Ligand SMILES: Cc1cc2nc3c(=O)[nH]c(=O)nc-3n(C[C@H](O)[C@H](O)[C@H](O)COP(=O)(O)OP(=O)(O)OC[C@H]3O[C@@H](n4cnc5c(N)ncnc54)[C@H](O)[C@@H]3O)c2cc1C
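Below you will find one chain, with nothing else, as structure tokens; this is the form predicted on its own, and questions on how it binds or moves follow later.
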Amino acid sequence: MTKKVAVIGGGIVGCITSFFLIEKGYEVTLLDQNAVGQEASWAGAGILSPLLPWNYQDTVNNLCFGSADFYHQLSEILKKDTGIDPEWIESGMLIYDVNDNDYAISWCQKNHIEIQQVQVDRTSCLFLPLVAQIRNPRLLKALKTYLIKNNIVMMEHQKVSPIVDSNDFIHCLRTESGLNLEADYYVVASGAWSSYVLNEIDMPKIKPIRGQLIQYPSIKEKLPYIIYKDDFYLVQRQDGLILAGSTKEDVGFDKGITEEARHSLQQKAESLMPVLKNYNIENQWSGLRPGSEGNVPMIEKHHKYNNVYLNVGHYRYGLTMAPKAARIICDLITLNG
């Protein structure tokens, strides 16, 4: 008999987890409290690398390694199957003002990551030529289409009530609209809302961290690579759009946008790329990242419930961690099933 898995959370982590689960032959229901793919996964810039990988724990980087190649292959599958191009591009990333160039270069060499020391406007910079980007709104749209075509049951605008079962095995979860969600296994991949689903309200391990971005219109000038400086980045899409971001704000579940952030991001963007002063900002938005200590996610079986699995707390790198995190969860389910 085919085993049923309910994946709670339709961001990139939930979608990629569902992608691997159907490959393994599971019957999957993907549930989201809003529309699938419309929260933090949609809001980010789609950079397929930790911004300064040498500043993170090995746990973080090990989960991110290989993601660019995975998304390159996935993009080809999605283009062929759905007609939607997620626009995978190997842009490279230019990094200004690294505190310790020698350490960064040594770390990259040790981890077999190509790195170059270059001069830009008489400033010494580091260049990572193999950093790629993907246009995440298109990726999520294509993934959603692909999953539906492959018989995933997709339930949108269904908020799951917190887990309250007192036993060590969950037989059913309820949504706030009164629907019963029955499955053999449950995967919590609810991003910033994961602590709510897991009923960890008093001492949440995952908390929302707001990130705001701005967008310039398609410009004729070309940005040959992603630019990163002082925890700020500029990214150009294939059609010339420029994204600038992002903030890190501990403001709870407030998804509002602020004039202060707009002005700060604009100043940084136009300092790095002065030609942007000739263009008006055409959009501003925010997303709520699932903040975690040290950016280290929880990818594991629940400590109490034997058929509940956690794929949560990816903070800034849900996109880059999603492939390996999803494989780990699928292997755990298969092993314990």
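Just so it is clear, the model here is predicted, and its values are computed rather than measured. For every residue, the number given is its place in the sequence shown, counted from 1.
Although it is not shown, the form predicted in complex with this ligand is what the next lines describe.
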Find out whether any non-hydrogen atom of residue 320 is located within 4.5 angstroms of this ligand in the model of the complex, and reply yes or no.
yes
Would residue 72 show up as a contact with this ligand in the model of the complex if we use heavy atoms at 4.5 Å?
no
Report yes if any heavy atom of residue 297 sits within 4.5 Å of a heavy atom of this ligand in the model of the complex; otherwise report no.
no
Residue contact check: residue 205 to this ligand in the model of the complex, 4.5 Å heavy atom
no
Candidate stretches 106-114, 144-152, 188-196, 119-127 - the one whose heavy atoms come within 4.5 Å of this ligand in the model of the complex:
188-196
Looking at 225, 216, 88, 233, which is the one with a non-hydrogen atom within 4.5 Å of this ligand in the model of the complex?
233
Which listed residue (79, 229, 159, 262) meets the criterion of a heavy atom within 4.5 Å of this ligand in the model of the complex?
159
Is this ligand in the model of the complex near all of 292, 325 and 330, within 4.5 Å of a heavy atom of each?
no
Select from 1-19 the residues with a non-hydrogen atom within 4.5 Å of this ligand in the model of the complex and write them out in sequence order.
8, 9, 10, 11, 12, 13, 14
